[in-house]
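Shown next as C-alpha cells: one chain only, the form predicted on its own.
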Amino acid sequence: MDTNNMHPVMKWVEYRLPVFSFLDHSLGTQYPTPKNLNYWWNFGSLAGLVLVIMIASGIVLAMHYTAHVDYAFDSVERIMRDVNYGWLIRYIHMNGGSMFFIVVYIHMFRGLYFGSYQAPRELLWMIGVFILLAMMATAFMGYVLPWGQMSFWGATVITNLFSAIPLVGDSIVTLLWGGFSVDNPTLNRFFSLHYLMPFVIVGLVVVHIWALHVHGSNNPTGIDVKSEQDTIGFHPYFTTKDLFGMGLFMMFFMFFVFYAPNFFGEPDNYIPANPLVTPAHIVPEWYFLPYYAILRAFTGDFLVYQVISLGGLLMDAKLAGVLAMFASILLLLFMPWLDGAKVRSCSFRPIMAMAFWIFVLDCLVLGYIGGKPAEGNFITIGQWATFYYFAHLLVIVPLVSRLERPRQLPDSINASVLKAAE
C-alpha cells in the first residue's frame, strides 16, 4: 500500500497503527481473489451485514424490554406503540432473524455444491457449522422473549426434549428452567444469553474469516489458484459486486419489514403466554422446521428406530428423535471426510449434482412437514424424508464421491473464465 498518497491524518494513524494496510491486505487490492467468483459468493458478506443489523437493533430493543413474565409481553407492545420508531426496530429485528437464516442456509448449500468443505478448508467449514449452531441457540432464546403463547409453549416443548437424555436429562432441564417449570427465571436466563450469544457469533465469524484468508476462497470450478492470472484484487471488483448484492438483498429484506412484517410469525404469539391454555398446534420458527420434522419422525413403529434401538431395547423413540435431530446438524462437521472425491465442484460431478438437488428438495419437504400436524400421511412422509436425509449424508455422498468419474477439469481458473467469455 502506497502511503505517500495518503491523507496526512491517515498517514499519521497508519504509522502508529497500520489499520489501513491491514484492511487493504485483507479486503482490498492486495487480497488476491479467484476471478471467477459468482453471485453465490455474495451470501457470506450478506450474512455479516445481517449480523451487524441484528446486533444494532437488538441493543436498542434491550433498552426498552423488561425481562419479567408479568411485563415482558406488555413491554414488547410498548416498544411497538410508544417508543419512537420502535415498531420499525422490532420489525427489522424479528424479520432479520429469518433473513439471517436464509442467507446462511444459501451460503452453506453453496458450500456443499461447490465442495468448499474439502481440504484444505475443513476447519473453515467446521467453524461455519458451529456458527449455525450458535445462531440456532440465539434464535431459540430470542423467540421466547416476547412471552406470547408460542414463545411459552415452544420453550416448554423444546427444553423438555433434554429430559430424554439418560441420567442427566432432568437436571439439564431444571438448569435451563431455573426451577421446575418455564417461568420468570427461565425468561431472565434466556434474555441474558440471547444478549450474549451474538457476540459469541462475532468471535466465531472473526475466526471463520481468519481461516478463509489462510487458503483463500474456493471457486465454482473447485480448482486451486495456479498463477497470478487466476486472481484479481478483492477491491474494487468484488466490493462493487457485494454492494450490488447488498442493495438487492436490502430491497428484499425491507419488503417484509414494511409490507409483510408478520409473514414469518405465528398469530398465537400475539396472545399473552398462558400456562393453562395449550395452543392447538405448537410449531417452532420456520428455520427449525426441518429438524422438528426429524425429531417427530421417530415413532415406535418407525423401521429405522426399530433397527437402531434393537426393537426399543437401547432407547425410547423420544431419545432417538432427539439424537437424530442433533445428528442432522453435527453430521455436517464430517462432510470433508464423508466426501472422498478428488474433484470439489459438483459442476464436474453430474451424479453428485443430481443427488445434491434431491437433497435440497428433501430438506424443503422436511420443512413443510415440520409445520404440519403430526398425524396421518404427514408422519409417513416425514419418516421417508428423514430416512433420505441421513442416507444422503452417510451412504450416497461417500459412495458416489468415490465411484463417480468426474468430467475433465479446466487447466486453470483463468482458462475457465476465458472459455466462458467465448
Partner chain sequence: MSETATPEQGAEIDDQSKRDFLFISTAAVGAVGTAIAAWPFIDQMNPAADTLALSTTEVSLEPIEEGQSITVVWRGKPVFIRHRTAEEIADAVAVQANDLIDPQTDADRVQKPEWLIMVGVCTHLGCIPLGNKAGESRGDFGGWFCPCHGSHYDTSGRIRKGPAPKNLPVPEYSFLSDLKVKIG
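Numbering follows the first chain given and starts at 1. Predicted model only: the values in this text are computed from it and were never measured.
There is another form of this protein, the form predicted together with its partner chain, and it is not shown here; the text below is about that form.
Problem - Partner-proximal stretch of 327-335, 97-105, 229-237, 152-160 relative to its partner chain in the predicted bound form, 4.5 angstroms, heavy atom - result: Selected range: 152-160.
Problem - Residue contact check: residue 143 to its partner chain in the predicted bound form, 4.5 Å heavy atom - result: Taking the distances in the predicted bound form, the answer for residue 143 is no, it never comes within 4.5 Å of its partner chain.
Handout entry: Residue contact check: residue 316 to its partner chain in the predicted bound form, 4.5 Å heavy atom
Key = Flag for residue 316 set to yes.
Handout entry: residue 295: touches its partner chain in the predicted bound form, heavy atom cutoff 4.5 angstroms
Key = The answer is yes: residue 295 has a heavy atom within 4.5 Å of its partner chain.
Problem - Touches its partner chain in the predicted bound form: residue 175 (any heavy atom, 4.5 Å) - result: Yes, residue 175 sits close enough to its partner chain in the predicted bound form that at least one of its heavy atoms falls within 4.5 Å.
Exercise for the section: Spell it out for me: taking its partner chain in the predicted bound form, does every residue among 340, 349 and 408 have a heavy atom no farther than 4.5 Å from it? Expected result: No, none of 340, 349 and 408 comes within 4.5 Å of its partner chain in the predicted bound form.
Practice task
Could you tell me which one of 272, 261, 275, 312 places a heavy atom within 4.5 Å of its partner chain in the predicted bound form?
Solution key: Only one listed residue qualifies here, and that residue is 275.
Exercise for the section: Counting non-hydrogen atoms within 4.5 angstroms of its partner chain in the predicted bound form, say which of 189, 90, 208, 110 makes the cut. Expected result: Checked against the cut-off, the match is 189.
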